[in-house]
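One chain is shown next in structure tokens, namely the form predicted alone.
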Amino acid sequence: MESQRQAEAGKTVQRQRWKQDPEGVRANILEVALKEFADRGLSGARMDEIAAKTRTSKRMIYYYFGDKDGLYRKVLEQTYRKVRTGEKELMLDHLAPKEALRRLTEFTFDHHSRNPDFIRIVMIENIHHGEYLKHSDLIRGLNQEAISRIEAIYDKGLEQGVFRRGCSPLAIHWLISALSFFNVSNRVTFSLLFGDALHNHAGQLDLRSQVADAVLRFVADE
């Protein structure tokens, strides 16, 4: 009986802490939900499982996010916000165009490699034909910023005569995304077919450099 009272008291204290840190609670829910959606998909993920792995209750998850669709949409938005915030924090404006584009490419490669759940969530959203993304003004705005960032680098490269004319910022973004995305999305099958040489630590460092070289050769005025 005493142990039960202590357990209940502990839960009460924990609930009070949750109430004092709503942003921390939301962040914890989104972190857990990202893993569940990435592992099980939108259809396979269960709110009970998500709640059991968070620091809060199922009732509070519904309070913050409405329903499973609402939670999934917020997870999707959060994953895009994270990568775009990381790009912004690179502070590329003061760099020479080639250095700026290399740094952006290497950041994208590293981000995707270190965040496989981001890749899985994007794949899941493609399975659902972008149904949730198309209704998110936030995601569209964040990704337009990504194109504008590349456009600024590309225009500077044109002005300095180091980039060729005829490239579009959107195509440059596509190339960076495609090479970085495939590195994660097909990692298991590629490794099984061809071995792990490209996916051990040394292989990833070499591949990151080669991907950046490929992007720079694509835009170089040579």
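The numbering used is simple: start at 1 and walk along the sequence shown. Please read these numbers as outputs of a predicted model, since none were measured by experiment.
Absent from the display: the form predicted together with a further copy of the same chain. The rest refers to it.
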On the criterion of a non-hydrogen atom at 4.5 angstroms or closer, are 49, 88 and 113 all touching a further copy of the same chain in the predicted complex?
no
Would residue 164 show up as a contact with a further copy of the same chain in the predicted complex if we use heavy atoms at 4.5 Å?
yes
4.5 angstroms heavy atom contact with a further copy of the same chain in the predicted complex for residue 187
yes
Heavy atom of residue 211 within 4.5 Å of a further copy of the same chain in the predicted complex
yes
Look up in the predicted complex whether residue 175 has a non-hydrogen atom within 4.5 angstroms of a further copy of the same chain, and give yes or no.
yes
Residues in which of 151 to 159, 35 to 43, 22 to 30, 58 to 66 have heavy atoms within 4.5 Å of a further copy of the same chain in the predicted complex?
35 to 43
Residue by residue through 199 to 222, tell me which have a non-hydrogen atom within 4.5 angstroms of a further copy of the same chain in the predicted complex.
199, 207, 210, 211, 213, 214, 217, 218, 220, 222
Between residue 138 and residue 95, does the Cα distance in the predicted complex come out closer or farther than in this form, changing by 3 Å or more?
farther
